[in-house]
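What follows is a single chain, given as structure tokens, in the form predicted alone.
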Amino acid sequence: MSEIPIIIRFKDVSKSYGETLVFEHVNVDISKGEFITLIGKSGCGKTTFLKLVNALILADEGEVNVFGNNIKEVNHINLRRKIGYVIQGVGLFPHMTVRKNIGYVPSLFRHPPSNIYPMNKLLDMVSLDEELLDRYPRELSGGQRQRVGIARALITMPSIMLMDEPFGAVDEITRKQLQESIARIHKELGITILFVTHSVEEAFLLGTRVAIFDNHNIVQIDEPKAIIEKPANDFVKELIGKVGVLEI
């Protein structure tokens, strides 16, 4: 059996914003096809981690490798062609229809990518009706807007999907439906997903591995069951006390 390749690697990465230290000597490998959920206190660096992967910011020290290359040495536009990004606020353009919002990302490139999903396949993946294509964001529910955001991130067939608190602004029923959708998309496409959440339950439900952030580093990254059975420290132990009733 061939070894699963490492798609993201942090090698002794440190990052600060001015005098505020975010990361110090972070080392982690993420394999192709993993679903990594990121959990920790507010301000612990979860969003910064995503931005480092996407080269929206660069490390002060150490090396971030994506697709086997140091991101400081590659064309960042070409890098982002292979990475989808979904945020909590969705960021849909209010003056554009659903169709135009979904198709917006390929239009950003000077040479639009040839490998894009057909619209009907995208809609099926995110469970949206075709009749919504000519509506505007204001005419959609919160859950529908979030599904449009996911479709927009998927259209260029990315190898990596970065998701920053994507389901934080919807009700619990919609959130459950969206969780089921993204789990199915991950299974069907084999895409690598990095998913930031403030919900401990959501992190342990969705992640093939959970990365727990504290004290300027990742204090534990492992399969949910392994973390529950053997927490790395008191912080992790307190954290997983909130998911003790889950059947992992």
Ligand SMILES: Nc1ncnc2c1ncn2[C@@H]1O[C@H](COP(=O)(O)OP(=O)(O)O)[C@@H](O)[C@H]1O
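We number the residues from 1 along the sequence you see. Predicted model only: the values in this text are computed from it and were never measured.
Below: the form predicted together with the named molecule, not depicted.
**Q** Counting any non-hydrogen atom inside 4.5 Å, which residue from 65, 217, 31, 47 sits next to the named molecule in the model of the complex?
**A** Exactly one listed residue reaches within 4.5 Å, namely 47.
**Q** Should residue 22 be counted as a contact of the named molecule in the model of the complex, where contact means heavy atoms within 4.5 Å?
**A** Result yes; residue 22 sits at the interface with the named molecule in the model of the complex.
**Q** Test of understanding: in the model of the complex, would residue 41 fall inside 4.5 Å of the named molecule by heavy atoms?
**A** Result yes; residue 41 sits at the interface with the named molecule in the model of the complex.
**Q** Which single stretch, out of 200-208, 180-188, 66-74, 47-55, brings residue heavy atoms within 4.5 Å of the named molecule in the model of the complex?
**A** One stretch meets the cut-off, namely 47-55.
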